[in-house]
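Only one chain is included here, represented as structure tokens and corresponding to the form predicted alone.
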């Protein structure tokens, strides 16, 4: 059993295991080199050899305790008949979005789609990764993926997105249920290719009220967890309902995830006194603190280790590594955690 699996199973290990969201990415010069040679972001995602190389780059450089497969949460939209591409300045673009009209949803199974390439990446990576290190597969949660489909890309107008979902409720729920089905299939494919831990990213869960959060975040996530656990009950699942505040408690209790990633805005004592008594947590150092580095980072790391050390937990960030983060700050981050001894 890997160190990450041991901790998610409830074993307290000091110092705790480390891995960072977006640990493979633009802050690494070796990533930028591969990215420039790949032709496009999508080409990189769908090239198993290159994607595996990028996945392993932060393991080679920092010796993290887990690798997370290099892909994107939106690749799955192509299996529903939506056209996806990535603009260097705007980010993801879904051309036939829903904010102005409804499209016919065309459900395509994983076995007939480019997502099989992600399975090849998982398999290649697992063969190269040390046995004591976890390989994390992932998907975007249905609500978060749906926001991109509705808006055609990243947006700040979530009120319009939420209103559209209510105005087109039957159609919207059909899409959510299909996303549950295909996300489950996608994650099971990654498990069968060699992933030993799964993470479900719900980046935009924090924009919802309690009722919508229950219907569009908790229920779909619980269904995905059930689908995975029915077939692979031993697989550990991490949920990440970013910025959902006090709704973290309902999320933990009702989704049946094995651990949660906590965002930087959550109070440490709330995480310790409430969330850690319910499940294993990951986080929640601010990515900005990692970017700043120095004494600010060191104090925050030690405070986090001291605060969460009474229970099993995973050391990490409350969100992804920022693109202008100095590599030496990440090296120092790992060094501080690995040398930590609890008094």
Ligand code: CP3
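Please read all numbers here as calculations on a predicted model, not as lab measurements. Residue numbers count along the first chain shown, from 1.
One more form of this protein should be noted, the form predicted in complex with coproporphyrinogen III, which is absent from this view; the next part is about it.
Partner proximity in the model of the complex, defined as non-hydrogen atoms within 4.5 angstroms of coproporphyrinogen III, places exactly one of 114-122, 180-188, 220-228, 73-81 at the interface: 73-81. Though the partner is left out of this view, residue 46 does not reach within 4.5 Å of coproporphyrinogen III in the model of the complex, counting heavy atoms only.
Looking at residue 303, you'd find every heavy atom of it more than 4.5 angstroms from coproporphyrinogen III in the model of the complex.
Of the heavy atoms in residue 255, none are within 4.5 Å of coproporphyrinogen III in the model of the complex. Within 4.5 Å of any heavy atom of coproporphyrinogen III in the model of the complex lies no heavy atom of residue 311. Of the listed positions (290, 280, 68, 28), a single one reaches within 4.5 angstroms of coproporphyrinogen III by any non-hydrogen atom in the model of the complex, namely 68.
Along 77-94, these residues reach a heavy atom to within 4.5 Å of coproporphyrinogen III in the model of the complex: 86, 91, 92.
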